[in-house]
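In the form predicted alone, a lone chain appears below as structure tokens.
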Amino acid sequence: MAAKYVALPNGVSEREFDAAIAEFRAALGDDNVFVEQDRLVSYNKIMLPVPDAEHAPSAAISPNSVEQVQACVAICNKYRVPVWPISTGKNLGYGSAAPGNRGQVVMDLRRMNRILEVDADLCTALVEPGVTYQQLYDYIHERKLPLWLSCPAPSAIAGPVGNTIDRGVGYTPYGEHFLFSCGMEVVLPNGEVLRTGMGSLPNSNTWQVFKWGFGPYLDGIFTQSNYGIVTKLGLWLMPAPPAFKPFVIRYAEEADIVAAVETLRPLRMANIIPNAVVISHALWEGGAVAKRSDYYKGPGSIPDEAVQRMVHDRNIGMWNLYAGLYGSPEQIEVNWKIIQGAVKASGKGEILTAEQLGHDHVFKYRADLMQGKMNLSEFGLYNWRGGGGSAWFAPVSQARGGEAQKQLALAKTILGRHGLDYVAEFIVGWRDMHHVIDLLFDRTDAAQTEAAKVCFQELLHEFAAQGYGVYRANTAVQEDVANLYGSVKRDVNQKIKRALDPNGIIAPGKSGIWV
């Protein structure tokens, strides 16, 4: 006899879960509560090197209002049913829409997709969690508002709420997304609604313009955590500049990463280059438009010689530094001369503009990202090996050329031990760099999947031993990452969890946080 449910929540009997499902249906309607296996497939499509069964949901529920979220939270508390909230569920290399642990109920917030306000004068927006970047982009452009978004790379189907509260990044001057958020609405585990910052004041009209409010600043505790369900988020949008000049600096050798970072850092810190800069490796650039088998069919990691052939064939650099200038034409011209002088003084790199590159589609994709336009072309990376396997490893480092070189060498050594390729980019902030490495593998191949699993653990622990922690983590390794950050931090996180969510109903295990 087939089981009634794909999985059951930990510690919840089938009879108790029957009762909870009945109450979810009464609160949301039958069409918004899913328990059938075929209806749950999209909530269990992971790309990580672990079995799907470890992240199988027991059900999925889809509220469309704050009141329905509150009703669901009350039911979860009554039956001790754990719920895993998602916005759009498109953070593919970090776990997608699947719950962190088997048997949790996915709370799918995609029906809460209202753009509540966009203020073109103050350049702010207030959105719900189901709003996508594409939806917000279309809203702005249909109304001809002089505003730009900042979005992550595979952004058209992702959303600003989910990306921001997981502390994701984009590529405009507003690329540090949490920094440019302002005001949250959060349904707490007891069902109360908290508005952070100025939003706690009745009739406030400054919720999206002043971040701090009065007393302790709380917004940060609701990022990468399980202390509440964010149902509204304020965003600061970028005023459309009068002019924009994108450019790329191509570097011929892997060792040139040192010169690239050392040239960039003072320009970035002085805000001569104001946007979040990408320094993309050739395998990231080429892997989005080519297949591995086009250049190498042998065992082990792709050899440097094959990568050099790709660089030649695709007319790209071994490293490709993408940046932009924003402002008046006069401002841009002054800063452009400074940048040209810095590149020339470094003795490394070829600087190219849109006028020189013509219709180069790789450059156009990056130029679009730097002005908040989006597409899905970067998903072409998943064709590099094929087989649907991807896990993102993202350690942080200081913005120093020597640190980039050290991380590059360490990563290539570890990846090489397991026959995986170095497909990576550095995203440079003001003083830090996010080193995003995409472990691409064939998930239908058991040997490759096991290699990716072991490799990821080695990356995690060997980088941590050198003082490099990751800034985001996929759902399969969050416990490991939390341990690496130490017992004191884990203890503080747990105390907050116990105070706010004594029944442990919201995303237990998220970021390694349990009751």
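This is a predicted model, so every value here is computed, not measured. Note that residue numbering follows the sequence shown and begins at 1.
Same protein, other form: the form predicted in complex with a small molecule, not shown, and the subject of what follows.
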Contact check for G89, P152 and F379 against the small molecule in the predicted complex, heavy atom at 4.5 Å: yes
Exercise: Y468 in contact with the small molecule in the predicted complex, heavy atom 4.5 Å: no
Contact of R472 with the small molecule in the predicted complex (heavy atom, 4.5 Å): yes
Exercise: F363 in contact with the small molecule in the predicted complex, heavy atom 4.5 Å: no
Interface membership of V230, the small molecule in the predicted complex, 4.5 Å heavy atom rule: yes
Candidate from L235, L264, V161, A424 lying within 4.5 Å of the small molecule in the predicted complex - any heavy atom: V161
Contact residue in the predicted complex, chosen from A391, A404, L325, L109 - any heavy atom within 4.5 Å of the small molecule: L109
Segment assignment from 117-125, 238-246, 90-98, 298-306: heavy atom within 4.5 Å of the small molecule in the predicted complex: 90-98
